[in-house]
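Next comes just one chain, in structure tokens: the form predicted on its own.
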């Protein structure tokens, strides 16, 4: 039953994404509305999958690379749903759907077995540390999606009335992401001191999380000093996405370290 909801979510996300694309290209409102309803069905399946996996595992499903990827994708979808219903934003939907589906599809390539938590993960900090990281990455990805949208609109019409709104939301999403990443790093340091008697071990994951934090902190500083707005801000949001993805995927799979446990565990057991 878990696989039904898991692959059902992937399929519905993909169908919603495709219909959205053709609805935008052919300017068919019916297709666009249908795509959103199908995406919401995929989001429901995605949510049910996480709940059922959590019940079956007896914990919050964020213990390895697969589960984090599913949560990461879900975080993108949660923020997208909020932006759609609370703020009525449509311009971000197409690219955001692609990102949610792509991360979810990446999860499908990973081992899906459920294992007990490793001793190092049995901590009160488990949910807050990993959950804040998932939503920080999701915010940065959506900032990238907004940046892509800004660039495409700017090329067609530099005076488009939507540009200031998109520029603002790029800034807000980066600010939220940076705040959550700060929480992630601080909680991680406290957890590391409890687990390994050291607040900072220069583990590759820690280093790349810090690199990501510094990168977005510089962006936010330049934004607040009015030295990075408009197209520059949009391009930064897009170019920074590979750094986020490397911090998420590359470090865990390429560079051995203390944070590689999820991938190693899933491969060994």
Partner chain sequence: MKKINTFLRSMTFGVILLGLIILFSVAGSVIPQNNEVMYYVRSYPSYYQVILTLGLNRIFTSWYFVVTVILLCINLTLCSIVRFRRINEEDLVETALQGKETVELDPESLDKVRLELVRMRCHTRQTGDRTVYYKNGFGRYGTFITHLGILFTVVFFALGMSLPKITDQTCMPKESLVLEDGTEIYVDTFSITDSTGRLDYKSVVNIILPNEKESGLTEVSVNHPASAGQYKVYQQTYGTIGRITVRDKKNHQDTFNIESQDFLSSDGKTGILIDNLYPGFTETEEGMQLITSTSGRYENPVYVFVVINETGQEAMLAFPGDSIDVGDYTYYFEDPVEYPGLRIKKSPAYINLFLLIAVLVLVFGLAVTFLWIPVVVLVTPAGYRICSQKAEGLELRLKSVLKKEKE
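Positions refer to the first chain, counted from 1. In this text, all values refer to a predicted model and were calculated from it rather than measured experimentally.
From this point on, the text means the form predicted in complex with the partner chain, which you will not see here.
Three-residue site 84, 110 and 152 fully in contact with the partner chain in the predicted bound form at 4.5 Å by heavy atom | Zero of three within 4.5 Å in the predicted bound form.
Options 224-232, 27-35, 42-50, 64-72; stretch whose heavy atom lies within 4.5 Å of the partner chain in the predicted bound form:
That would be stretch 224-232.
Practice problem: Go through 195, 98, 130, 114 and name the one with a heavy atom inside 4.5 Å of the partner chain in the predicted bound form. | Solution: Of 195, 98, 130, 114, the residue with a heavy atom within 4.5 Å of the partner chain in the predicted bound form is 195.
Worksheet entry | Exercise: residue 178 in contact with the partner chain in the predicted bound form, heavy atom 4.5 Å | Residue 178: contacts the partner chain in the predicted bound form.
Taking the partner chain as it sits in the predicted bound form, is residue 148 near enough to touch it, meaning that at least one heavy atom pair lies within 4.5 angstroms?
Contact check for residue 148: no, nothing within 4.5 Å of the partner chain in the predicted bound form.
| residue 161, heavy atom within 4.5 angstroms of the partner chain in the predicted bound form | It does: once the partner chain is placed as it appears in the predicted bound form, residue 161 has a heavy atom within 4.5 Å of it.
So in the predicted bound form, does residue 105 come within 4.5 Å of the partner chain, heavy atom to heavy atom?
-> Contact check for residue 105: no, nothing within 4.5 Å of the partner chain in the predicted bound form.
Self-check item: Residues in 165-200 with any heavy atom within 4.5 Å of the partner chain in the predicted bound form
Solution: Residues within 4.5 Å: 165, 167, 168, 171, 172, 175, 178, 179, 182, 183, 186, 190, 191, 193, 194, 195, 196, 197, 198, 199, 200.
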